[in-house]
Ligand code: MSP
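Below you'll find only one chain, the form predicted alone, shown as structure tokens.
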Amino acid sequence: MTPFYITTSIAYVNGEPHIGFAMELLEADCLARYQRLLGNDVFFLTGTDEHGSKIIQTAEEQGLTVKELCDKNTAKFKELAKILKCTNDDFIRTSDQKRHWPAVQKIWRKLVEKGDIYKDKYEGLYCVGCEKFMTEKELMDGKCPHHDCEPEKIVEENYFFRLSKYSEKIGDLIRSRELAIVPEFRAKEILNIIEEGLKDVSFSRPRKSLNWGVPVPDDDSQIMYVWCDALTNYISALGYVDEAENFKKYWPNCTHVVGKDIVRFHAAIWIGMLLSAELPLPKNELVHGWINMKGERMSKSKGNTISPFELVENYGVDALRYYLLSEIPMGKDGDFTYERFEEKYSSDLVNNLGNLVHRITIMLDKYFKGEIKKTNSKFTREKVEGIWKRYHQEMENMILHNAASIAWELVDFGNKFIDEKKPWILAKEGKTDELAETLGILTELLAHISVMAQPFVPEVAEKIQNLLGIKLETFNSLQGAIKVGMKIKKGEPIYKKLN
């Protein structure tokens, strides 16, 4: 089995999860599920970023200790992954002093050994909301464009990482696609920044300014700045500190899923750190856009977020998974409206997929007491072959909304096939053999749909397979899955109509 390692960025726990991070979780889970269906050896990581000024500030505002705030909100991010039916194998916390801190301190020492860490006085504009120093060029009317506030002017002595040393090499890696930034236009954006020349970056802050985080090795007066600490989570969770088997197996086969606002840190700073430490690089960085509401970016600071918990409670997990994975174009910004959300739910899930499953199982029960009397696997394979080919191509390219659309072509085909063959007419005319073959073909189509749609709507995929009495864990298991003599259950409609 080929190892496949996929990660989300780690969520900042100054607030509760919102729909933007839910989308990132689902993108990673969708790809993890797809790779498992291919028969690959998958490791899927997510987690939480729990250090920095913003965490301290939020804890003070809420009258909590920093640890209490982190524990409270981390529990919600863990719960989010669970209710979204995510299949993550691990959850890393940057406050984990046993697993994470030793790995961060190990990579710091590697950078020191290479001569890439030095101390200097720094004067700059610091945005607490972004947890980063900003240049004048990044500001809009003197304010951070993401948080609509003026950054603080800070003068302090910090440790710096010689990112400039690796600027040319990082550009070459991206241009050659040895490090593939997906979609391509996101690669061009980071290359534009690199062509201006990457600057050295602040890698620590004085303990008197920031007293919550990983201490700098051999200098207890300094705390590691967020990027050195947070980025290392991807290898600390795999056992980098001890060079564990998971680290050796999975790390060279890594795909990061990140938002467009932090691609610069993942495609520049993180790659520079790995080059300095002489570690393998990730293979891919899949970059998604933002979810907007009425054209405006959703963010905790603006208070215009939508709770994924409420959406799942009111509509079910498949509805949210399907909307975010099929409606938001991969790599681009997308809009969320309740009107469009409900329209997609009713048309694609209830009336299309749900109706197809219900029609097939009802007719099998009515005409043959649920038994498969005849199949035509050759006909079914010929009909689905082209769809499968395009589906795999889009999934391999990680263009998830296109793959979802292709999966629903198979659902459309199933409904059209029923309308064309009119099984009720075949039954009325006594054409039993043709009726049996038609329903057999439709049942085979359902098996294909249950596997193709599984990365997007795993709950209903499982329900379909339960009705069929089969369990399909890989694409190869589809071959011969539907056999003459099988008994298919008649179930209730798999999606509820909206009131």
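All residue numbers refer to positions in the sequence shown, first residue = 1. Predicted, not measured: the structure shown is a model, and the values here were computed from it.
What follows is about the form predicted together with the ligand, which we do not show.
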> So, in the predicted bound form, is residue 271 in contact with the ligand at a 4.5 angstroms heavy atom limit?
Replying inline: no
>> Is residue 203 near the ligand? Define near as a heavy atom within 4.5 Å, in the predicted bound form.
In response: no
> Wondering, does residue 331 line up within 4.5 Å of the ligand in the predicted bound form on heavy atoms?
Replying inline: no
>> Contact with the ligand in the predicted bound form for residue 231, defined as at least one heavy atom pair within 4.5 Å: yes or no?
In response: yes
> Of 283 to 291, 164 to 172, 148 to 156, 105 to 113, which is the one stretch near the ligand in the predicted bound form, taking non-hydrogen atoms within 4.5 angstroms as near?
Replying inline: 283 to 291
>> Which residue, 89, 261, 138, 79, is the contact with the ligand in the predicted bound form, using a 4.5 Å heavy atom cutoff?
In response: 261
> Among the candidate residues 367, 227, 101, 388, which is the single one with a non-hydrogen atom no more than 4.5 Å from the ligand in the predicted bound form?
Replying inline: 227
> If you look in the predicted bound form, which residues in 1 to 25 sit within 4.5 Å of the ligand (heavy atoms)?
Replying inline: 9, 10, 11, 12, 18, 20, 21, 23, 24
